[in-house]
Ligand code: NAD
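Encoded as structure tokens, the following chain is the form predicted alone, with no partner shown.
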Amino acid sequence: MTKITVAKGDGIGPEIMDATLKIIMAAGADISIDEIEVGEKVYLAGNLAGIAKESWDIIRRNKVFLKAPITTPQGGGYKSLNVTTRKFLGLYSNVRPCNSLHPFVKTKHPQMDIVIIRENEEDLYAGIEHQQTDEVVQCLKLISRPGCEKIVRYAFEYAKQYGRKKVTCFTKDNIMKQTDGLFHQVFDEIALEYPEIENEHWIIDIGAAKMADTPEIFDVIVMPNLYGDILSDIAAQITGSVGLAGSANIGEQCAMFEAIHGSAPRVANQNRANPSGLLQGAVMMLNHIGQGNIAEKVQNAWLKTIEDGIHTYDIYKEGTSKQKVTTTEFADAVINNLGQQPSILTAVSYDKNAALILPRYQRKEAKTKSLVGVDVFVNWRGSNPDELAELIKQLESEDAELTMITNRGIKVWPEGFEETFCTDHWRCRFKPLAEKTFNHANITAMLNEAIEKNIDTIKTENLYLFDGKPGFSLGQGQ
């Protein structure tokens, strides 16, 4: 027997959780439950995280967490419990199957059957933001080699276990050559270890357009965090309804399973909500804990129920649906279909499925790291880059010179265009003179000189070579 942690959440959460648990227990799930309180009540009691320390202890002890949707109060500094849970527990992989249920749920894409695997811990979701000038704020996009390797390897292992034929990578590495470039590079490296699985890479914009138009050409898609968050909701919606999709969040030690939709407070306590999204999460949970036979029984019964036209209000359609049912009636219908299979929709077989156990990341040998310059960011309210260059040249020394100024990434000095609009946020790049060495003392001297000259420095970014290759981008137009 596997002990799991359950949170019934807010809004429609308690209703759909009760329905989900009723179904999987009727199917023979060999589990016991520790229930915890998370979400709105905990937030409003003064806990900005929405979860008590004792609840964390229970989740960490049981390792498996089935969570209904929660409500995060607006304002007041309340933090998203979903994001917090994923990061605290190291749930690096978000898995979202998106399958068409045509012709029983309306969709323009009857052949759609894709799985989106989204990196879950880093990228812009690190949430590191700063206002640096009156006119400019920044958000740091953090992509790590360990993060890339773990999510890409998970995607290929998932494809291997579930009999998928192709893994596609989406990035924007034609623009973000360092961050998205690393993700693409790691994808290409790991793909070589799985010659039996087709692999391909798409730039995210055209890839997203193709997914929205002809999703049947894709199978498993792996992406950095932000792209995956957006495209997984789009994919779920174009299959027929976001309300039908479940989500798995997988880490090296713990896992969380949920519906991808929200708590829908306007429908709460009316016995109307569709429990399918959370049920799909529970099916993934059963596979994860090695109860694939139960997961298969539940999934096929659910497909049979959808096929029978027994639908809740959100997917009910005259002419296609046969009976509009409540939450509890839908659960009872699925239970009545346990042991049966759909006749038109494709039945599933999970007999070989279990938790994916991936090797822990092994840190690579350190590269040779050489400091070869610095970008000094300054707050300056002028508009003529030539004037700024004359001011910043005062920071030059016998070892280093100003080589470039950019504004919002575009080169404005030397040889900038007068048409380029500039804000009050400027990047000034210094490189060593020929035959000169450059070190941290040079940077300190520049910053001290900036104080003397009343130049408002915001931050610096060191410029490194790693094994002789630049670890920094050129200015746009350089």
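All values reported here derive from a predicted model rather than from experimental measurement. A residue's number is simply how far along the shown sequence it sits, counting from 1.
Omitted here: the form predicted together with nicotinamide-adenine-dinucleotide (NAD). The next part is about that form.
Using a 4.5 angstroms limit between non-hydrogen atoms, Tyr361 is distant from nicotinamide-adenine-dinucleotide (NAD) in the predicted bound form. Interface membership of Asp314, defined by any non-hydrogen atom within 4.5 Å of nicotinamide-adenine-dinucleotide (NAD) in the predicted bound form, is confirmed.
Residue contact check for Glu258: one or more of its heavy atoms lie within 4.5 Å of nicotinamide-adenine-dinucleotide (NAD) in the predicted bound form. Put simply, Pro265 is close to nicotinamide-adenine-dinucleotide (NAD) in the predicted bound form: some heavy atom of it is within 4.5 Å. Heavy atoms within 4.5 Å of nicotinamide-adenine-dinucleotide (NAD) in the predicted bound form map, among the stretches 127-135, 100-108, 306-314, 385-393, onto 306-314 alone. Taking a 4.5 Å heavy atom cutoff to nicotinamide-adenine-dinucleotide (NAD) in the predicted bound form, the contact residue among Ser321, Asn293, Asn271, Asn82 is Asn82. Just one of Ser144, Thr72, Asn199, Gln341 comes within 4.5 Å of nicotinamide-adenine-dinucleotide (NAD) in the predicted bound form, counting any heavy atom, and that one is Thr72.
Residues are counted as partner-facing when one of their heavy atoms sits within 4.5 Å of nicotinamide-adenine-dinucleotide (NAD) in the predicted bound form; in 1-34 only Ile12 qualifies.
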